[in-house]
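In the block that follows, a single chain appears as structure tokens, in the form predicted alone.
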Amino acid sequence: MNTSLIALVVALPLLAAFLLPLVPSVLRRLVGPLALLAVAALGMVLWQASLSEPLVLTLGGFRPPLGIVFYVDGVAALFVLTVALVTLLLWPWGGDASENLDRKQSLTLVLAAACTGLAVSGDLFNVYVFYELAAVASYGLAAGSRTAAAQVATFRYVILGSLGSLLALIGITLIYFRTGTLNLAHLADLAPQTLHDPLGLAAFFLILLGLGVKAELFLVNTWAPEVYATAEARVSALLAGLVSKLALLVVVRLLVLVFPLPEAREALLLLGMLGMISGEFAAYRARDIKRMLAWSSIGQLGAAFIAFSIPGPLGLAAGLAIALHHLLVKPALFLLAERWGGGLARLAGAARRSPLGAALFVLFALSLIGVPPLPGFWAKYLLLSGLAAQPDNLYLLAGLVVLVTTVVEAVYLFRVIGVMYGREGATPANEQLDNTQPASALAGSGVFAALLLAAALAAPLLAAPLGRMATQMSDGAAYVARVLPSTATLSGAAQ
């Protein structure tokens, strides 16, 4: 296929974002959705083509490792498709003044373009550019509700996000200082001689912490509960569902290609365990549904870090399964919480006022816990199987952490369900809330529920492409051979 089409998955949403305020008001509401639909169609084409053979696009006519390189394997193409579809499902259709709505739609398109760029970028320079673009867009969206609480939470988010960007930039600078290149394939070729030492590991840890701000990594995730609790539901869904996964994908690329070292994997494993423990126990203590979902998201992303720390295709398959499952479930739960914000006690009788909303919440909760045959069960099964297969006792400890935190997760989710289906008179009238779910929230969550059920029914069919993508992603030598014209020549020149 024509690899120049790859550039369109980034260019189309960016172009739409800047043209949106200029088109006539009659067509303005269609610009963003049409651009996202086009990206989704391209993503599907790329996914089908890349499953058999990865695609490489070099922009500007520069031979790698110079210039801009886009690399699309099955995982990258799947995330391109997912970004477009999920952004479309969470699209801001209305409810604001024209100027404010245009701003939200433009920022949403910029965020989609940045996430797509993170999925396909083949060098650290572009990764940093798209990461900063995603950061700026997410700051603007997080402050979009214009409440005092949202402004304060966003300010803290900006401070921590800026610190993360600085750490990532220092790490990238150290890598460039040592190797003279930022192309991922070239780095993979040079890393054994230049980066597999304390300085290289320090660079990896700095990038891990920097990107970990968006990936809700332990130590740098304290912004998430406040931002998710104060931002609009669809913004929380975008940040938790999309942005965190793309930041995690970049970390995994570095781990597989440049730093396939035991120390790097152990760092992911330890931080993932701490993230699961802190997130799930904080969610158990939370008495506000949005904060509970935010802490729960931190715990589930901790599980993804644990999975990706497992060597080989098995760990990648488990990590992809957990990340994709979280991408379906968490945005839907934030949409359901749109009118259920506040204390959990205010949910008394919610199931009577919104039976469909309560039923959807139960479905997503059961999948998060891992009740078979829902996709959450298969994701946790892959994770526990991969951990049990490792000889290191640290992985066995991680398996125990997963089991214990799953019990904690079940306790607080069933507690919420009990309140929702409890007697309406169990709490004072002034503590109750109008639990009628808006049609848009129910419709969006219903689509995610349909996708979740379809994945449950098609689980045997999805296993093969998931394994193929994990195997493809784990093959660093094939990545290098596909991108670089002559590995031997480049290695000799660098030395």
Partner chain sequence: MLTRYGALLFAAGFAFLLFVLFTSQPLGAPTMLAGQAVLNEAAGTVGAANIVTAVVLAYRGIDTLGELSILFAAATAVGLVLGRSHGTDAAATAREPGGFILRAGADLLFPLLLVVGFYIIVHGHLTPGGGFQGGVVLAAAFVLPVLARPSETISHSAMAWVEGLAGGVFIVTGLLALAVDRAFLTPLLGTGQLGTLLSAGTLPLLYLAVGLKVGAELANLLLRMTEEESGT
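Positions refer to the first chain, counted from 1. Keep in mind that this is a model prediction, so the values were computed, not measured.
Beyond the structure shown, there is the form predicted in complex with the partner chain, which is absent from this document and is the topic of what follows.
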Given a 4.5 Å cut-off on heavy atoms, tell me which of 451-459, 464-472, 38-46, 51-59 is the interface stretch with the partner chain in the model of the complex. 51-59
Proximity of residue 32 to the partner chain in the model of the complex, heavy atoms at 4.5 Å: no
At 4.5 Å between heavy atoms, is residue 178 in contact with the partner chain in the model of the complex? yes
I'd like to check something about residue 206: if you look in the model of the complex, is any of its heavy atoms closer than or equal to 4.5 Å to a heavy atom of the partner chain? yes
Is residue 68 close enough to the partner chain in the model of the complex to count, meaning some heavy atom within 4.5 Å? yes
All three of 90, 249 and 256 touching the partner chain in the model of the complex at 4.5 Å, heavy atom to heavy atom? no
Exactly one of 143, 348, 267, 195 comes within 4.5 Å of the partner chain in the model of the complex through a heavy atom, and that residue is 143
Quick one: from 170, 408, 397, 282, grab the residue that has a heavy atom within 4.5 Å of the partner chain in the model of the complex. 170
Residues from 100-122 in contact with the partner chain (non-hydrogen atom within 4.5 Å) in the model of the complex: 100, 103, 104, 106, 107, 110
